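Just one chain follows, in the form predicted on its own, and it is written as structure tokens.
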Amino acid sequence: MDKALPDLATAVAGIDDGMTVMIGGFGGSGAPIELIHALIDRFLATGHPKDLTVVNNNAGNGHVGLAALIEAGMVRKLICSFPRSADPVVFTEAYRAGAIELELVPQGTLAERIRAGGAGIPAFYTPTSFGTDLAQGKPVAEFEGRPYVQERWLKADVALVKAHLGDRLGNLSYRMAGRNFNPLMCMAAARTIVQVSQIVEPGGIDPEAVVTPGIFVQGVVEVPNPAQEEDLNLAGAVYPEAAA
């Protein structure tokens, strides 16, 4: 039952080519930067994993985190709601070059598709996107005189998540806005790997403060001083540094 992992390299070792990977965060808030960079390190050392489908709120910023993952050529397809963020140059160039696919999903629909995946609900109806290009080819039904578009669940092979505290059983609590998509993604993935600022012993988190129960978590790795994407970008950081 002890889900504590010794290091970041061990945490990402089971991610294979072609997998669907959910990455938590809303911009830099709650983004597991160290786990993403560890995955890039593994790719640079072994050539794997590649051809990933990534589910994220946005398309990354600057040259760190998700943007660095895309820049390394590891991502085949991105499913997100906001590809035009503060500095999306990496994604924009890759998309215009035809090097990456994009599935654009309205943000509320994205959250609900992930939640549905975790709850075992294969499809649901929403009025969002009706009459737009995003609804083309999707079933439409009328409820109480209003048209609704059918959307399908989203599930993943792996979720990479950031939390504030985690115990050795995988129970998690989050810090403020860092909660965002992370709890939903924990539920929707077959395997959830979490970086936390501190690992505590079972009972070290008040049960009332547990947001994600350990049943949804398979691995926890301690990262005491996690990087913040916005701080890295303000400093002009590039990952890996050799790419600068």
Partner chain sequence: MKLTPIKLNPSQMAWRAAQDIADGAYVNLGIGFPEMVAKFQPPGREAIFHTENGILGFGAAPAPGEEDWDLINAGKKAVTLKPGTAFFHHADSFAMVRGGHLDVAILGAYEVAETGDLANWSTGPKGVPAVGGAMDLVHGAKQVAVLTDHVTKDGKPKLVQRCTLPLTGVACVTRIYSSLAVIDVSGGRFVLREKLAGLSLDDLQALTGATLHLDGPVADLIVPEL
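Just so it is clear, the structure is predicted and the values come from calculations on it, not from any experiment. Residue numbers count along the first chain shown, from 1.
Heads up, the form predicted together with the partner chain isn't pictured, but that's what we're talking about next.
- The candidate site formed by Gly117, Ile193 and Phe216 is entirely out of contact with the partner chain in the predicted bound form, as no residue has a non-hydrogen atom within 4.5 angstroms of it.
- This chain is drawn without the partner chain; in the predicted bound form, the residue among Gly98, Gly108, Pro139, Pro122 with a heavy atom within 4.5 Å of it is Gly108.
- The stretch among 152-160, 165-173, 98-106, 67-75 whose residues place heavy atoms within 4.5 Å of the partner chain in the predicted bound form is 98-106.
- The partner chain in the predicted bound form is not approached by Thr10, whose heavy atoms all lie more than 4.5 angstroms from it.
- A residue is said to contact a partner when one of its heavy atoms sits within 4.5 Å of a partner heavy atom; Ala177 meets this definition for the partner chain in the predicted bound form.
- Mapping the unseen interface onto this chain, Glu222 falls outside it, with no heavy atom inside 4.5 Å of the partner chain in the predicted bound form.
- Using a 4.5 angstroms threshold between heavy atoms, Glu230 counts as touching the partner chain in the predicted bound form.
- Along 10-49, these residues reach a heavy atom to within 4.5 Å of the partner chain in the predicted bound form: Phe26, Gly27, Ser29, Gly30.
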